[in-house]
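Only one chain is included here, represented as structure tokens and corresponding to the form predicted alone.
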Amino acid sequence: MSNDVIRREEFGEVAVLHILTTSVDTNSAAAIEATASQAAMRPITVLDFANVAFINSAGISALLKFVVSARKAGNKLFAMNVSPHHQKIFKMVEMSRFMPTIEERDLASYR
């Protein structure tokens, strides 16, 4: 996993994967896919989109693969700090159905 694209924070059964780039595109999609393929997920995995301003089709594809990997492994996947624009996109591609948003304050109960 590339440390300049994703930073991992873990506590208990939760992994928070902070996307550090402003763009989820072809370059960062490879790091996201690698994270999914390296079994970096925990029973509850949260993708943090706080820094993300742009997501292109390659990024959406990588995120969908991540969602599929999580579901196949029986893990729960959430997104946090998702802009209203990206929330609309996630709904259009039905990603929010399988990766609902969670508030950062809701993670406090897991810490």
Partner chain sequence: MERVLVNIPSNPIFERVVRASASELGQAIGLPPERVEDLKLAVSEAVNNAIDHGNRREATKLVEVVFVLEPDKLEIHISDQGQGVEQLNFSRRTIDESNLEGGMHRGFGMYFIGALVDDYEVRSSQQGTVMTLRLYRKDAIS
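The model shown is predicted, which means the values in this text are computed figures rather than measured ones. Positions refer to the first chain, counted from 1.
FYI, the form predicted together with the partner chain isn't displayed, but the following is about it.
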item	value
One residue of Val14, Leu20, Ile102, Ile89 in contact with the partner chain, assessed in the model of the complex (non-hydrogen atom, 4.5 angstroms)	Ile89
Residue (of Ile44, Met80, Leu64, Ala31) lying close to the partner chain in the model of the complex, criterion heavy atoms within 4.5 Å	Leu64
Interface membership of Ala53, the partner chain in the model of the complex, 4.5 Å heavy atom rule	yes
Residue contact check: Glu94 to the partner chain in the model of the complex, 4.5 Å heavy atom	yes
Any non-hydrogen atom of Val68 within 4.5 angstroms of the partner chain in the model of the complex	yes
